[in-house]
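There is one chain below, alone, in structure tokens, taken in the form predicted alone.
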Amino acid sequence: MADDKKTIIVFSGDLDKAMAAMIIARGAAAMGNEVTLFFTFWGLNLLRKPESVPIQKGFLEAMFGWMMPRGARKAALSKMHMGGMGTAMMQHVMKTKNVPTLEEMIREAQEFGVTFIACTMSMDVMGIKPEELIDGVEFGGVATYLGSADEANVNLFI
């Protein structure tokens, strides 16, 4: 039934936008909804393991991997980043207010049964290999997302 299915395209790897996606996903899952998050382009960086994974890559793939943030812990604010100071301030306030970190929100969303799908076309373009992503991520293309979106009553793009 569409009333209890939600989809979110996570296009951005920005901390504040990723937090919004995770808060909505966790809330919907807690309400008993089936939730699918489709990570594409910069959103894929949120799913990267924080540690380097020894894997064979071509020159351009290696350059992309080196330039892009590795994991949710490296996500920065979309506004008022101020060379890292704004992001650090936001993370400090979150900690003092007992707001989970983005990494914790991702882990909780997975525990709540939220489906994480990494866009395989974006992975190819950005040189991201499946081994570089956190556990529990599924892989699919736009048809996979559209199949979920067709069955949902809420579709968001963040």
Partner chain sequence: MAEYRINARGLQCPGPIMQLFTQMKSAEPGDLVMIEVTDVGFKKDIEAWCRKTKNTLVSLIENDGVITAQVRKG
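For clarity, every value in this text was computed on a predicted model and none was experimentally measured. Residue numbers count along the first chain shown, from 1.
The same protein has a further form, the form predicted together with the partner chain, not shown here; the description that follows concerns it.
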So the partner chain isn't shown here. In the predicted bound form, which residue out of 62, 55, 121, 30 has a non-hydrogen atom within 4.5 Å of it? 30
The partner chain contact in the predicted bound form: residue 108, any heavy atom under 4.5 Å: yes
Residue 26 near the partner chain in the predicted bound form, any heavy atom under 4.5 Å? yes
Is there a heavy atom of residue 112 no more than 4.5 Å from a heavy atom of the partner chain in the predicted bound form? yes
Is there a non-hydrogen atom of residue 68 within 4.5 angstroms of a non-hydrogen atom of the partner chain in the predicted bound form? no
Need the contact residues for 97-122: heavy atom within 4.5 Å of the partner chain in the predicted bound form, sequence order, or none if there are none. 97, 98, 99, 108, 112
